[in-house]
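First structure 1, then structure 2: two forms of the same chain, each alone, as structure tokens.
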Structure 1
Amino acid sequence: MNVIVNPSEVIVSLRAQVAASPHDAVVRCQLGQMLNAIGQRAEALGQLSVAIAFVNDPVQADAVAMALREIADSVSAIQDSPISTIGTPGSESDEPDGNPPQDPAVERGIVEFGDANVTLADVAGLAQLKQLIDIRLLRPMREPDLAKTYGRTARGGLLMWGPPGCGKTYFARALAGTMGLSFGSISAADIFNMWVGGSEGNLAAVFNSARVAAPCVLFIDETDAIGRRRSATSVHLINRNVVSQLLVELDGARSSNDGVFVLGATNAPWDIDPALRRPGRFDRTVFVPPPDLEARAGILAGALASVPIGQLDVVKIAKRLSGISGADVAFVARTAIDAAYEEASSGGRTVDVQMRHLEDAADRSHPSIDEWLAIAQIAADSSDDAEMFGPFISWQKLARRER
């Protein structure tokens, strides 16, 4: 029997696997090969170059190298891809005289700055993070003179860490929306490039774009992959160079970073190079926990705000959703809405979302972050980094009481 494989579906599934296990070189390599097969060579290169960073045995190294060679064999196609033409860091500053500042990373499709479309009011819970952001960013922007008197400037440089789907990206976007700043986001696959100097060039181009777009929020997703601990792998010069480049860019040594608020996010902060967490860089590391009861109720209420609803007790549903991510809570609401819509569409009349829809959807959800929590616990047990793990350990105590 012939099995027909739909590449798009395979890619969706592989992307989900990469999101769940960002360090799995084999899955990344498969994703890169599939992307290459459908002609998305720029991203394929990125994924394979990230995969290289995570390879941990010679057989895997050979497999990834072979996959990279396959793409290199189609050089003419690669030359059409937006990021493959990047030169060494700094080359993008050679603008023709009299032209307005170019935006190299946007031109190359690496990063796009645009409206955030959400605000902190849309983010449920995360009170501590909101308070920290208020002090570091929002107040100095609202009251610049007072801040100046005390030598304070609005600062980014925050690293958010926590389980998948719990609001790190959403929060960064919402922060930009609240401050009325444009938002741009990059992740490892946007940066890594197999050509010598290509990855550093991409990173430099992204920061140059951010400086052009300032005031803006530049969100660096998968900071652990881009800023991977330099001693952790002896294999990859690319990695070392990218970390060094990131340090240079964060320090603003070559160009001022005024108005560029950098936020990082990671599921694996223990893999991040310690130099990135020094003052002036990501100098605060903040744990973004799974949503508590109130936040879960808030996420449900937010997701149901724009559809017809009956008498709902979202707190009752939220109580049943302990131990799941914010994304999963939003998915419960989405599933309930879909069920009501299906009834409405087959009955030819509006059907409110009812408790029974939510209860059915809640029955089908299950904890999705247990595996991550177990990994984080092992990392916490073997670390004496109280700034990083203290809030995680406190959260665990509270969560155990809630369960």
Structure 2
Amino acid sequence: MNVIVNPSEVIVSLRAQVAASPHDAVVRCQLGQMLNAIGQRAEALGQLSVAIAFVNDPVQADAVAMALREIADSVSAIQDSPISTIGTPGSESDEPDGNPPQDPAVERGIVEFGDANVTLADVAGLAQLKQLIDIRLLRPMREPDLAKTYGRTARGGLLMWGPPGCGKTYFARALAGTMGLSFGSISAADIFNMWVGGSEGNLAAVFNSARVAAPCVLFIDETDAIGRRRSATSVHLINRNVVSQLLVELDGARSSNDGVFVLGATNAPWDIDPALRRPGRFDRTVFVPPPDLEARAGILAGALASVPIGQLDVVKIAKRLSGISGADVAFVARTAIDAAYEEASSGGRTVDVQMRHLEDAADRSHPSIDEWLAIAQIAADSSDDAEMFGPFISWQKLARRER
């Protein structure tokens, strides 16, 4: 029996795996090859260029390099003009009249700024995190004169870190919405490509776009991949150059960053180059923990809002899901919905999602962040950075008591 594989479904699955394990070079390589197979060569190059930074095995490094060359050859074959050394391969260069585009990053599809559409009021739970964000970022904006009196400013970068699947991207978008600013988001795959100067050029174009869109929030996902420690033996020369370019852009050495609020997100802050943590760069950090009880209940309620339900006690289920990621909580709801759908499909009638569906799904749930927690604990034990790891240690104590 032949099994027909839908490339789109495979890509969705691989994207989810990359989001959960950003440093998994093998999965990134598979995603890059699948993207190339359906003609999305620019993103394929980005994924593979990030993958090569995390490869420690020489055989794997050769395989990724070969995949990069194959894509590069296919790009060269379909282009009539020489490939630009600055920008994403396969993207359009100058306008027909010879004038450069006003906003290169937007022209190349790297980043686009728009309404955030959500605010912190839409984020369930996480009261302590919201209070910390209010003190460090929102109050200096609301009370600029008072903040100036005490030398406080909202300028610079804020680094959000925590386990995968806990809503850092959503939280960043909600921050932009609360601040009333436009929002633009990039990840490592949007920046990296194999062409000389291309990755640095993409990063410069993104910051230029942010300056044009100011006041705005520029969200940089996978900051550890873009700003990886330059001292690491596995770091490719391209990565080192990108880190240097990111330092230049954050410093605003060539252009003012007034009105550009940079939010970074990472699962592995211990892998970020120390230079990026200095004043004026990502000099403030916040730990985004797994969802608390209120947030877990909110995730369950939100996931079940559009399907037929019976009498449900989502708080009771949420209490059983302590210490797992938001993505894991959402998957519990999805599993319960699927179970009700299968019953409805077999019986030819509508079946409400009941407590038994949720309880069974909760019984079968498996936390996806246990390995991350172990790595983070090792990093915390070997670090004296109380600002970064203090909130993580405090959360662990609370999580143990909740269990």
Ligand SMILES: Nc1ncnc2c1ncn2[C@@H]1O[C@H](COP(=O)(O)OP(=O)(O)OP(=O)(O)O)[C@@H](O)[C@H]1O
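Everything quoted here is computed from the prediction, not taken from an experiment. FYI, numbering is relative to structure 1, first residue = 1. What we label the rigid core is the largest C-alpha set whose atoms superpose within 1.5 Å from one form to the other.
Structure 2, not structure 1, represents the form predicted alone. With the core held fixed between structure 1 and structure 2, Gly298 has its Cα displaced by at least 2 Å. Ile186 shows a C-alpha shift below 2 Å between structure 1 and structure 2 [criterion: core-superposed Cα displacement of 2 Å]. Fitting the two forms on the rigid core leaves the C-alpha of Asp328 displaced by at least 2 angstroms between structure 1 and structure 2. Core-based alignment between structure 1 and structure 2 gives a C-alpha movement of 2.6 Å at Pro367. After superposing on the rigid core, the C-alpha of Gly348 is displaced by 11.9 Å between structure 1 and structure 2.
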